[in-house]
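A lone chain, given as structure tokens: the form predicted alone.
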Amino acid sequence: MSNINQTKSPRVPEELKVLFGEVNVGKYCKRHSVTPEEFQTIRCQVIERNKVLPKNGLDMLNELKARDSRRLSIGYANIDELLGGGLQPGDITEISGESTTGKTRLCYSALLSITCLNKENTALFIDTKNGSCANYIRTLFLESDQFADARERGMDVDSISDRIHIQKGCVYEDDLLNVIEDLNLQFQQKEINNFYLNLKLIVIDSISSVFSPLLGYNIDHYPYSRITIFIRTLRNLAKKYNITILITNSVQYARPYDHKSVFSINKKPALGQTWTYLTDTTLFLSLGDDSDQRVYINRQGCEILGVPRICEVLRSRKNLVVGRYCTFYMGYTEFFPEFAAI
């Protein structure tokens, strides 16, 4: 699989400092050989580039009607139903849960489901944990019943792999910002590369591994401003180019009265209270009863052992039912409901 070429650009973190007034004007002007008047012009340009323009109610309604017909499957019908029909282009959907609950596995499913819709769709997987995902994605396509129809339509694993770019090395916040800035630059080219022209999904796995270390710095609201500006930049990209954003997040423990979830009563998504206002929808994955394991026999005759999972709508800024959930079984290459097990 190929990677997006990532070029370090000091402009991105510099823009954040200019935007939030975190730079010494005199030193900045001296270092960049600009006058204070020119600095104010630069700051106005940065604000203009990052602001979100208001829309009237009629424009928003027409936009929502147009977008609702273009929802994309996350790869499992019952979770699509929780999402009101699937992932909404232009929205940021968060998948939160403890380790081993299947967050990354669900993201792989979304990557393949969207790229298997046709022979043009592309997706970007930003791996902040430097995991080994390329081989597993290939295995899923080749062995899962979920993609049997795509295989029968003549899609091959190499074509799918070429249309899923995996971006590694995004360990720090500036790495993430530079990738998003590079995407913006690619879309501004006169002749846009086919990969970017057909980009439907961006997955970030995981956001907490990048931003959680920042929360240890008690420098006013510095960590939260960095998180906010990153999500705003990401949201502007998603809205402007109609791209679906899928983000995984870990959990932190909470007092029981802080959270009304049936299944995650003492846990909540990481990154603090500010984060709760930044995503459009949060799904919470949790483990079911380990003793209730089921076996599924796929079309290739393989027996797949599945462990129960629970997926719940934890929060939503959309017209979704918070607290609604579904249960399913997750095996190495398959998602399946209880009735499909033997």
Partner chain sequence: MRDARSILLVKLNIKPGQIKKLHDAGYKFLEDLKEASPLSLSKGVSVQEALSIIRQIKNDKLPSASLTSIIKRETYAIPTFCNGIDKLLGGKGVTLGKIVEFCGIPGIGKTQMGIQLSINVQIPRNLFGPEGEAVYIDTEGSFIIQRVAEIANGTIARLNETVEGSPFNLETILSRIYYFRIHDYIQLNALIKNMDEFLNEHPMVKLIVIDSIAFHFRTELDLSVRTRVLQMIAQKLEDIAESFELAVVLMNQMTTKFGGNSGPDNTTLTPALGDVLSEACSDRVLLFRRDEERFAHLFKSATKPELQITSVQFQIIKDGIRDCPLPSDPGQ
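Since we're looking at a predicted model, the values are computed, not measured. Numbering follows the first chain given and starts at 1.
One more form of this protein exists, namely the form predicted in complex with its partner chain; it is left out here, but the text below deals with it.
Residues with any non-hydrogen atom within 4.5 angstroms of its partner chain in the predicted complex fall in just one of 148 to 156, 71 to 79, 91 to 99, 228 to 236: 91 to 99.
Within this chain, residue 213 lines the site of its partner chain in the predicted complex, having a heavy atom no more than 4.5 Å away. At the 4.5 Å threshold, heavy atoms of residue 106 stay clear of its partner chain in the predicted complex, well away from it. Contact between residue 124 and its partner chain in the predicted complex is found at the 4.5 Å heavy atom cutoff. Although the partner is absent from this view, residue 134 contacts its partner chain in the predicted complex, with a non-hydrogen atom inside 4.5 angstroms. Contact with its partner chain in the predicted complex holds for all three of 129, 172 and 251, each having a heavy atom within 4.5 Å. Distance criterion of 4.5 Å from any heavy atom to its partner chain in the predicted complex singles out 287 from the list 34, 42, 287, 302. Screening 87, 114, 202, 164 for any heavy atom within 4.5 Å of its partner chain in the predicted complex leaves a single hit, 164.
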